[in-house]
Structures are given as structure tokens and as C-alpha cells.
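Just one chain is shown here, as C-alpha cells, and it is the form predicted on its own.
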Amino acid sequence: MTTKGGSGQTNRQMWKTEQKVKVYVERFHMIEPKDTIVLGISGGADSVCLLKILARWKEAWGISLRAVHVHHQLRGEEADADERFVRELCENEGIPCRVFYEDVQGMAQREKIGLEEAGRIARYRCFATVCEDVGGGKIALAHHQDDLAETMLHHLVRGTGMAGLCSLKPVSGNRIRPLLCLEKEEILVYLEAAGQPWRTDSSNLEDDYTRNRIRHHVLEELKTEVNPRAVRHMAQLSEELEETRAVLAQVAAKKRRQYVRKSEKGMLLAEELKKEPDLIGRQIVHDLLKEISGKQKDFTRIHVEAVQELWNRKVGARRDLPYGMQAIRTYDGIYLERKAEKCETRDSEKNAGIQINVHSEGTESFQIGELTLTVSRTARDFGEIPEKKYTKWFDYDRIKQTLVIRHRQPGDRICLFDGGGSKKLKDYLIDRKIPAQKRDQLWLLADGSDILWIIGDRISAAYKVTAESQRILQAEIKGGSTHE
């Protein structure tokens, strides 16, 4: 329905409101000369007020305005009447208006999201389209202080951190909110003083949506029964929290350079980070989760604390996170990564390994990624066995099967002592404090499930050259980051 405002307020009241918005816009540098401002106009009081005030200042600021109305195709004739109202309003103000028709119901069903979220996504997509068409521009949204208070309460009861309590910002990228300095009542008084009608969306009067229930019951109760200035105080707190968050982000960025190391698949939080205040650690973890996942939403305090809690767990403990991520406790700290996508072809190739055949006393070479393994068979005609990290000698006659160079497999064992007896490779690597994500990357020279050589680490005592050895196998690794 159409609601008409009265004209009982004076021009003085209108002037004060316009000045308040002007000062707020200039304080946060929302608008610069020659900007094109794309206005989202639903026809409701908030967006109509936004249009009227920006139209009032467009000449002085040297800006151009473009209006966008999104028809959600949900409310039949009521929505059609909203469209007609917006078209007429924009025509009267001399502002070009573009109307989009979006199947919000269909989008909600396809994406399995609520109507409210689908409508928001559709609107922002339309705003972005017009911005592109005009070669840039800023999107002006009509959020006010009551919206900000509702958002704070909504996030607070769902569970949030500092960022969630100051999520409605005056400026966010190319989005600006000139009316965040006004309460809802100030908007209504302004329109009534101007004699400007507006439209009321009947769905906003219902309690079907969580935000509506907060608006009609919780926030209204706070204003009428607790403190009439509740909304204003919440807006002030949000602003202070945003300033605090900005300072925290600067400190966290500095600490991140000190404690975070990047790897091929993720990030390592160094052990020393746990000595810092939890506030710093949580900020760093939250930033890393967004960065690694490539997503800006859905990481809550619960996920951040799940990662932080790993500081008190044993090596190997892990936590699953949204978007296929995981956190793993390692000897060096906490490792954040995307889970590896399983690939049967790659797994089979890895498990098969590369066979190392030594047919004669000549030298043969085998390529393994960036590494080159060179093997040769000789008679025992030299003295003491040298100590080299990437060249090893083995008793060839103790090899039972075809040698293979590969990554680890279940059942692998290695003999550690001359007296015999073997140990599970997994247990040995744990004792050596090799991080879990690195164990699968180690190259092994294997005789069946018996490991001759953990390349870069140690060899098996069962294959060592002794005084009785007749034929010797020499194996040398070159390439990559190896060096003697």
C-alpha cells in the first residue's frame, strides 16, 4: 500500500537532517566530485529518503545519480505498484531508473537458500551490473542505525566476533551507506516534513523472518522499555569496534609475518604464536581461513576456536573446517590446508612407485620428479663406507624383491639396529617428529615392505654393508634441494 506523509514539520527540520547526512558523507569520504552513484530504490521510506537527500546535494557535489529497482516477482500487484511508484518518483527527480525482474523464488529453490538471502543476492547483482554499465560508480545503500542495531543483535545471538558486531560500515569497497547516521524515526520525520509518500512492503510487517522478529519485538522493547537511545548507543559502539578492529588488523598483520609460514598447500602457524594473546591469534587464524578457502563468509568464532584449541592437543590431532579445509597439530605448530582431492590414477601411480632394476655392474639412472636416482652395482673392493646424506651403500645380496622408489604405504617397516628387529615406519617418523603432512611426501627406497633408505634421513640396518658383503649397491640422489 502507499503511505502518505504529512507536512507538519518545518523546513528547518529537513535542513538539519540533510546537513547531518552531508557531514557524515564528508567525514567518511563517501562521495567525490564526478562520482556516479547507483541507488538501490525499493520504494520504502529508507530508500526514498536516500534518493531525496542525495538529489538535494547532487549539484553541490557534482555527481550523477542512477536508480535501480529490483522487482522480486513475489508480491503480485503490490510489487507492480512499487515499481510504478519508483518510476514516477525518479522521473519527478530527473534521475534515470532501471528496473530488473528477478525470479527470487526460483533462485532460492535452486540454490537451497532462503527468500531473504536470495533477494539480497539478486539486488547486489543488479546493482553491480549497472555499475559496470556506467564504467564504475558507487552503490549507495539505505541502511540506517536501526538496521545496524538489528544486525548487531542478529549476529550476537548467532555467535560472532568483533567483525560481526560492526559489519554494517559507512564504506565497504564501492558500497556506501550515507544514512547510517540516522535512526529510522528521523527518516520518517524527514519524509513527513517533505510531504513525500513512500511504500510499505507488507512482508516487512510479518514475523516470518528472524530480522523482522528482532525489529518488532527485541529492538522495540529495548527502545521503549530500556533506553530510548539504545539504537544510537549501539551505533556508537559499532563505530568504536570498527576502529578497534582496524588497529587489531594492523597488529595481527605484523605478527603474521613473524609467525606464519606459507607452504605449497596451506599455512603453518608457528609454535611461538600460542604465546601471543588469544585475541591476536584468533585474528590471524580468521584471516588465514578466509585466505586459504577464498571465501569471506561462514567462518565463525566456533571454527576459529576449534583451530586455537589444537594448541592443547597431541601431534596428529586435526579439525575439519568449512570448504574442505582442515587444521592439523604438528610438531612445529598448527597446519591449515585444503584437504587433498582424491585421485585414483595418481594414488595408483604413487603406490606402484618406480622399479629400480640393476642388471649389471654398470650405472643406471631413474627420474623421480625433480630428483635423479643413480644406482650402480660393484664388488666389495673399497675400505670404510663414507658418511654421506644423499649417497648410500647397501648389501646387494640381502635384497629379496625388486627395488622400488616410492612414497610410504601401510605396513612399511625399517630395521634400526644391527641386532635385528624392525619398527613400523609410521612410528619411526612420529618419533623423529616428522610433521604428518610431510610424511607422505618422503621418498623411500623399498624392498617390498622393508625400507632400505628414507631418502635424506637414514638407511636400514638390515641392508648395511658388512665385512661379509660381496656385492655392493650404490644409490645416489641428485636434484631438487638435495646436496651433500
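When you see a residue number, it is the position in the sequence shown, counting from 1. Quick caveat: nothing in here was measured; it's all calculated off a predicted structure.
Separately, the form predicted together with a further copy of the same chain exists; it is not shown, and the next lines address it.
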Stretch in contact in the predicted complex with a further copy of the same chain, which is absent here, among 108-116, 228-236, 187-195, 81-89 (heavy atoms within 4.5 Å): 228-236
153, 157 and 280 all contacting a further copy of the same chain in the predicted complex, non-hydrogen atom within 4.5 Å: yes
So, residue 404 and a further copy of the same chain: in the predicted complex, are they within 4.5 Å at any heavy atom pair? no
Using the partner position in the predicted complex, report whether residue 161 sits within 4.5 Å of a further copy of the same chain, counting heavy atoms only. yes
Does residue 248 make contact with a further copy of the same chain in the predicted complex, using a 4.5 Å heavy atom cut-off? yes
Does a further copy of the same chain come within 4.5 Å of any heavy atom of residue 213 in the predicted complex? yes
Among the candidates 400, 254, 262, 314, the residue which, in the predicted complex, approaches a further copy of the same chain to within 4.5 Å (heavy atoms): 254
Using a 4.5 Å cut on heavy atoms, which of 244, 167, 376, 129 is close to a further copy of the same chain in the predicted complex? 244
